[in-house]
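The chain below stands alone, shown as structure tokens; this is the form predicted on its own.
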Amino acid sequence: MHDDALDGIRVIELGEGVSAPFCARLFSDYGAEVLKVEHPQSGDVTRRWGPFRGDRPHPEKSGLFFSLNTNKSSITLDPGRPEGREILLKLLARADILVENNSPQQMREWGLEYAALSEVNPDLVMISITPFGQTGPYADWKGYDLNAFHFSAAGHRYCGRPGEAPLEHGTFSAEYFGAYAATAWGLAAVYGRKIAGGGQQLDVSCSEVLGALFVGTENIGRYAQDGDFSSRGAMMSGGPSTIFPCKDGHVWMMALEPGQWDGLVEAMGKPDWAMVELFRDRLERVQNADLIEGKIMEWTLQHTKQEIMDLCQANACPSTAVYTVAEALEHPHVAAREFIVELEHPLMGRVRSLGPPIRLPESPGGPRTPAPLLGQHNENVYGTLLGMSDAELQKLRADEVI
């Protein structure tokens, strides 16, 4: 058995939703000990979001909560109470990392700003993930993933057809990408403490992370130089580069360069219409897009998406089947990679979840224990780690501090 890459690192997670839990889960995937702090009465909000098996809501049976919180321990604590804050400080004094996604104003109200925490633990790395960052006019604004997504200009750049209204985005992209960036740099800060002279606070703005990754330096540089930028549909400006219907769904097809176009022509069996030398020029294909895409669609409708993907792969033309969630989950390539894991949950039974997205050969990582029940580890953490007596715990429960 290989050692876990992050064995010995303790993480306190003080947050809910997607960004902070996913960041902490990435640490737990590779062996870090993660203590998830939840409110005594309500717990993490994703316990109520679902999806739920059989569409029957239950705070311990949310699929989203399960996937975001494997390998963690759950303790209940109200940091807004003086007793709760003192307990949290004791935990943070023993921690390497604090991951949180509360508003800066909320952290100030709790007395949990980095300046206060660094007095308790100078080596603490505090990862603060918010939609707009810790500073600026919007720092204390209430915001969610969709606010961060569209504040980054990603919606204007990508979602929807050219000349029409932008489409909404619904996949927590800003929070997932923000969490990934936060984990990478948070880990760097942990291992760089000797160089930096102790811990520090990471100010992670999900909108800025998404702006850098989705909108990109190409658009920013272009705007800086001549005031111009790309918008929706720009990626479709060299035919073909779009989604086509086929016998069993859809395929994404891209043949922008001459070699890619030649490969597509080969995959289609060299039809007479495609052999026109003029069409090897990208601009000519753009000007004749309606004709060309109509002919390609006649071909795609005669084949399945896997057949098209295989043919295009064999002929060096970028193409992919547009898989449904079920098709991706059951795909033999995914099975061969062992990306889907099964865990036993005390109330849900056997549950399938995603494995680690990054593989470390010497310490593979991934989910090993299911998401915890609310407050499941109170006795172990408060009693064993902090040395509290049963009488102390009973009083804290009675006072609704834990």
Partner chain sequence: MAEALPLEQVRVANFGWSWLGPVAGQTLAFMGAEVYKIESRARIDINRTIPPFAEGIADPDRSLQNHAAWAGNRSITLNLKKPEAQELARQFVTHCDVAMENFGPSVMDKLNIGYEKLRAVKPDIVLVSMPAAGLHGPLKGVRTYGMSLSSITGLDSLTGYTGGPPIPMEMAFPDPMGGMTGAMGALLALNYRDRTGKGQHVDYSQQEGVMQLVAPAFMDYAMNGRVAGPMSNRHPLGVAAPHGVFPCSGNDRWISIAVVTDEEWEGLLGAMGRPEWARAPEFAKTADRVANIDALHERLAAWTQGFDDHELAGRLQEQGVAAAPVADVADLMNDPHYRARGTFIEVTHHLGFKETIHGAYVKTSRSEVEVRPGPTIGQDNDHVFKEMMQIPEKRFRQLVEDQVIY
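The structure displayed is predicted, hence computed values, not measured ones. Numbering follows the first chain given and starts at 1.
Keep in mind that the form predicted in complex with the partner chain is not shown, yet the notes after this line are about it.
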property	result
Contact residue in the model of the complex, chosen from 161, 108, 270, 247 - any heavy atom within 4.5 Å of the partner chain	161
Sole residue of 74, 183, 71, 300 within 4.5 Å of the partner chain in the model of the complex, by heavy atom	183
Candidate spot 19, 102 and 347, all three touching the partner chain in the model of the complex (heavy atom, 4.5 Å)	no
Heavy atom of residue 173 within 4.5 Å of the partner chain in the model of the complex	yes
Heavy atom of residue 334 within 4.5 Å of the partner chain in the model of the complex	yes
Heavy atom of residue 359 within 4.5 Å of the partner chain in the model of the complex	yes
The partner chain contact at residue 261 in the model of the complex, heavy atom, 4.5 Å	no
In the model of the complex, segment of 272-280, 289-297, 81-89, 319-327 with a heavy atom within 4.5 Å of the partner chain	319-327
Members of 31-69 lying within 4.5 angstroms of the partner chain, judged by heavy atom, in the model of the complex	49, 50, 51, 52, 53, 54, 55, 61, 63, 64, 66, 67
